[in-house]
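Below you will find one chain, with nothing else, as structure tokens; this is the form predicted alone, and questions on how it binds or moves follow later.
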Amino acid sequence: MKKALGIDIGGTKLVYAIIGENGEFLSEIKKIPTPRTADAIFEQLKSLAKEFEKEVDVIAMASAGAVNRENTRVCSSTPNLPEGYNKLDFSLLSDKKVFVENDANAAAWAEYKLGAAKGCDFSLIITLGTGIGAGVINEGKLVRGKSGAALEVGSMKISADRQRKCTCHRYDCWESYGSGTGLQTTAREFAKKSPEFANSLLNSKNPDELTTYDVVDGVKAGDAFSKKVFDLWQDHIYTGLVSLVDIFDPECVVISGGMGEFIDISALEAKVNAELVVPPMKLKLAQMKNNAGMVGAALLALGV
């Protein structure tokens, strides 16, 4: 059996484990803090590779950011990772093959091979978290684009009004509205101008300190203000999904990431399908959860 050392590189932690060719975990999943500099991240990854390289066939990593066609380095800016991270050459980490893939692409592959998109040769995965990522499987193959940077959907513009600045420094990108950060921003803006906030369960809080968790807790408690904010956030997700589904015409769309579990999947599916010019799709929640990126990177690196 072929094995990979799978590593998920996040802004706050590195998660790693040995993964088999069927996507099974062959060791305990471990977590360590992400070092604060690019050089320190490289040295930590090199140390992990050295520790496990005799046990595995390949070192497989899932990372934020667009990845080059050779799967050796991140070739775009990564706001949640230190300056210089996108200049690291991961191929130098080990004498064994080193493979890196965008975390949303890797998650899309994991869901296609083992999860909610299994059996769908045309699938779209949307990762909703602090930002928004996406991956597309077309005829059983990952869509990567000419430079490996395809599907940067978080930077897709959904308005021309220049109302909200995105982390990519442009205005009115889908990520600035439909991500968890977007929900937080909407809540803070809405609290300052909405009369409902005066009667909200959250009205003791400073509007500028409202969080996504406050809104989610408010919705669970039946708070009208929180529900209005949350519904507006789901409308922002719907706006981006309609465009993407019309463009890619997938059999299914899988919603992944920490914010996905709060969405009314059946209601969103019906609303998107009612607006499409292409045939309807099936909207599903991801099954692979937080391990999707690590597993997908391992499977891709092992050629599975």
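All residue numbers are counted from 1 along the displayed sequence. Quick caveat: nothing in here was measured; it's all calculated off a predicted structure.
Omitted from view is the form predicted together with another copy of the chain, to which the following refers.
- Taking the partner from elsewhere, G145 is found to have a heavy atom lying within 4.5 Å of another copy of the chain in the predicted bound form.
- The closest non-hydrogen atom of Y238 lies within 4.5 Å of another copy of the chain in the predicted bound form.
- In the predicted bound form, another copy of the chain sits beyond 4.5 Å of every heavy atom of D214.
- Taking the partner from the other structure, another copy of the chain in the predicted bound form has no heavy atom within 4.5 Å of any heavy atom of N80.
- Using a 4.5 Å cut-off to another copy of the chain in the predicted bound form, each of K157, A160 and F248 places a heavy atom inside that distance.
- For the candidate set D95, E139, D89, E209, a heavy atom within 4.5 Å of another copy of the chain in the predicted bound form is found for exactly one residue, namely E139.
- Shown without its partner, this chain lists R69, R36, K54, K30 as candidates; in the predicted bound form, only R69 has a non-hydrogen atom within 4.5 angstroms of another copy of the chain.
- Contact annotation: another copy of the chain lies within 4.5 Å of heavy atoms from the stretch 278 to 286 in the predicted bound form, the single such stretch among 20 to 28, 278 to 286, 6 to 14, 291 to 299.
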